[in-house]
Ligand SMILES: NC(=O)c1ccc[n+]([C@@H]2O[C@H](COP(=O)([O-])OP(=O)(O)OC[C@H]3O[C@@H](n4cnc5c(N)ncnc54)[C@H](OP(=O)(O)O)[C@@H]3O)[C@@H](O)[C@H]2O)c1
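Quick setup: one chain, the form predicted on its own, written in structure tokens, and binding and motion questions come after.
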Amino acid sequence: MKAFVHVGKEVRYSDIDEPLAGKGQVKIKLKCAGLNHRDLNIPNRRGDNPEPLVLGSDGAGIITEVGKGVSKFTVGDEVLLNPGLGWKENSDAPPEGFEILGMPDHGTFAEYIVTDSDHIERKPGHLTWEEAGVLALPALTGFRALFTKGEIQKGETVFVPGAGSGVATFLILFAKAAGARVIVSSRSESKRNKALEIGADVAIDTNSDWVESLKAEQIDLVIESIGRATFNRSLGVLRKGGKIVTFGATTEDEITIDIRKFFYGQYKLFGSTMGSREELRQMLNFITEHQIRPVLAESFDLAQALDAFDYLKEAKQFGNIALRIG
């Protein structure tokens, strides 16, 4: 079968053996996969490993084979992959042994994938294949950050620095569906306008004076994914006693904060990563109830995956990037 793999010191589109479903497993003919920043980083993490690894954490497709012991699914079912492996019930942090699909196990950038039946969910009926293929990882990340950790409430205001990522677009859609007010920032005027189009109430220039731009706002929650470049600026616009939830660091990992200012302000800081199967199911119910659709930035054929990687590296996207398969 065709797949996009990391092998040695390169990533390439090539042929690898087609997998077979074993006991408790299903084989899925993938229709679409989603490209995430994690996929860009895995080749560096693997170094010059000579064993081919199929990249990709997100995907959706049709079951073509069911192994012994599988009773909840049958051939022909339309499903999406749960990218989080080994985290079933919601908890304060992932359990020991938690992994994300696409390393060390083969991922979704291939014509077929075999996985345990516990690691799939039924595709929401209102979504296209491209929408379902890009959904799980960024939507689950945003859902946990916003609801489990951030505990956003109707009428509260959330600020999302950096409006272009797939997770950021889900944060906007989810927060608005929950009745919250949403503020975003971006250096790109085009991305600011697109954020307003999908529901954001206010969009400010990242290069502006945030304190001045947001002086009329009371921000209850900031969801941070940028890190050192924006963390203290985010803290500077958060109301006293407010929350920051952080799930990423696209700039430097290490930050310095004024701890006295932090404890006098009675701020709350939470870390968040992906989410559990329980939260994934809650998220799928939420998007079905509110008929939420992922924002698609661009779609590429699987054979064009290198072009998709370049597109993501250059931060051109507003929303999620899909890889069409077959």
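One-based numbering along the sequence shown. Predicted, not measured: the structure shown is a model, and the values here were computed from it.
From this point on, the text means the form predicted in complex with the named molecule, which you will not see here.
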item	value
Segment assignment from 76-84, 237-245, 218-226, 116-124: heavy atom within 4.5 Å of the named molecule in the model of the complex	218-226
Full three-residue contact with the named molecule in the model of the complex, heavy atom 4.5 Å, for 249, 272 and 315	yes
Proximity of residue 150 to the named molecule in the model of the complex, heavy atoms at 4.5 Å	no
Close approach of residue 166 to the named molecule in the model of the complex, 4.5 Å, heavy atom	yes
Close approach of residue 37 to the named molecule in the model of the complex, 4.5 Å, heavy atom	yes
Heavy atom of residue 88 within 4.5 Å of the named molecule in the model of the complex	no
Position in contact with the named molecule when the complex is considered in the model of the complex, options 195, 137, 132, 158, heavy atoms within 4.5 Å	137
